[in-house]
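Okay, here we've got a single chain as structure tokens, the form predicted alone, with questions on binding and movement later.
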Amino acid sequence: MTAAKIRSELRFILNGEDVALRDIAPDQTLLDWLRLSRSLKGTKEGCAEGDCGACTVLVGRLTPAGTLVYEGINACIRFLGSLEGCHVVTVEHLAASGDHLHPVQQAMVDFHGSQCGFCTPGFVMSLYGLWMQTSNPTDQQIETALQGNLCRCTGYEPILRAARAISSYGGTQNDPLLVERENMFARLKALADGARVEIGEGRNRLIVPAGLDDFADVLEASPTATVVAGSTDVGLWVTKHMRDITPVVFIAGLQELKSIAVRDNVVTIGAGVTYSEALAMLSQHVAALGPLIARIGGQQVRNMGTIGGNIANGSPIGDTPPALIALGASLTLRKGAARRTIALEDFFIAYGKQDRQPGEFVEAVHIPVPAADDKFAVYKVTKRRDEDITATLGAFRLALAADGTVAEIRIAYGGMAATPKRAFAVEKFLLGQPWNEKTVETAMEKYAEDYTPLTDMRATAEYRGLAAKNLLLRFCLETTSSAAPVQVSRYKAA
């Protein structure tokens, strides 16, 4: 294997300017750098944890398909090291020239979409990202784009009216990012010189591998390094817990980890695929995963967070592991040139402990597509519906025999134990039994053998235990009725 050439500076583009940095800390956030080093004060700090959206900027990057895409991200938890080869766009870049406001900005002015004004730049950038994708969005698309933007003045309705009117102020043909796109594509492609980036010495190092093989070499040589993909979790380690995460290896730009493929009825997703990138494929093959992903954070978090990262960090309340365990997913783990495959449920050993050797990393997750007759559902319980962390989450996959008895069932929960965990006692009781309400109500008593949930700020142990049982009952009622499950939707209401 040829050793990668090493470069000691980080390169990206800020608005229209080429940036090359040699002296940056591995845990320096984009937000702090924009405000403190570049005096770009339009990007605000509201929460420093990726919840409020006041720090929203757009990041443009080249995709494996050879296109340039722009996505809204949270600058407060995005580290500078993850921006190698990217185009960062702040609110100051929107106006094309002179004193004319961008259509998004002008609509916000005319429809009084700004009250105190603190959150306004973040809303503008989120709407800008949406407008570039679709110039006449539906209300649902607008609200989805703004899930990760909070207004403390409760001014949402004027913002929604502004969003609906943007295109009346001009088309996208004169938008700066679209006009510059061909040139920007060439500039970003020129930055991709195939070099590894290394800045700093000893523990205080920032490393951006040149490719997947180089990443394997780097991690094998520095097995205690913190691997950062989307930083939606690690970012909070720094901004909220003040943890030392050095040295840091940034892998968000590794194209080899961005693959999505379907073969032999199995969806294989590279560990670096974000929620946003995985949404369409997973929704197509496992419909219940689409609504689940749509409730993970806001749009900015889904643009940053990765499927592999959600698994690798081992959180007991991660949203995707219970669903993937219920589906029978497996992982490919890699250390150096060696690979091994294990069942996803076996990856989680105890709180904070996974079956991952020093220097080993999650390379891909393999998700079996349920058979046509299988029944599969995921239910997430939170204090608010959108952009909230799970109190408990239940995932269920069921196969029935010809006589209506349970031929196979897999039940997995998050938020009920120190790790994502299957309900083995409940499953064992249900096997071979008639699939009906009476059977399920009896099976619910077995939950005490599987789980001893904790009380915390999100829910009490008693609430979690009762909710978990009721989710199984809900699954039974929905799968034994000919009527479609009742889902309240403001968009379809009469």
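One rule holds for the numbers: they count along the sequence shown, beginning at 1. Fair warning: this is a prediction, and the values are worked out from it, not measured in the lab.
If you look for the form predicted in complex with a small molecule, you will not find it shown, but the lines that follow are about it.
Shown alone here, residue 236 lies within 4.5 Å of the small molecule in the predicted complex, counting heavy atoms only.
Heavy atoms of residue 317 reach within 4.5 Å of the small molecule in the predicted complex, making it an interface residue. At a distance threshold of 4.5 angstroms between non-hydrogen atoms, residue 88 is out of contact with the small molecule in the predicted complex. Interface membership of residue 380, defined by any non-hydrogen atom within 4.5 Å of the small molecule in the predicted complex, is confirmed. Within 4.5 Å of the small molecule in the predicted complex, a heavy atom is found for all three of 229, 271 and 296. Looking at 415-423, 162-170, 365-373, 299-307, the stretch with residues near the small molecule in the predicted complex, meaning non-hydrogen atoms within 4.5 angstroms, turns out to be 299-307. Screening 345, 214, 388, 180 for any heavy atom within 4.5 Å of the small molecule in the predicted complex leaves a single hit, 388. With the partner omitted from this view, the residue of 49, 437, 462, 449 that lies near the small molecule in the predicted complex is 49 [heavy atom within 4.5 Å].
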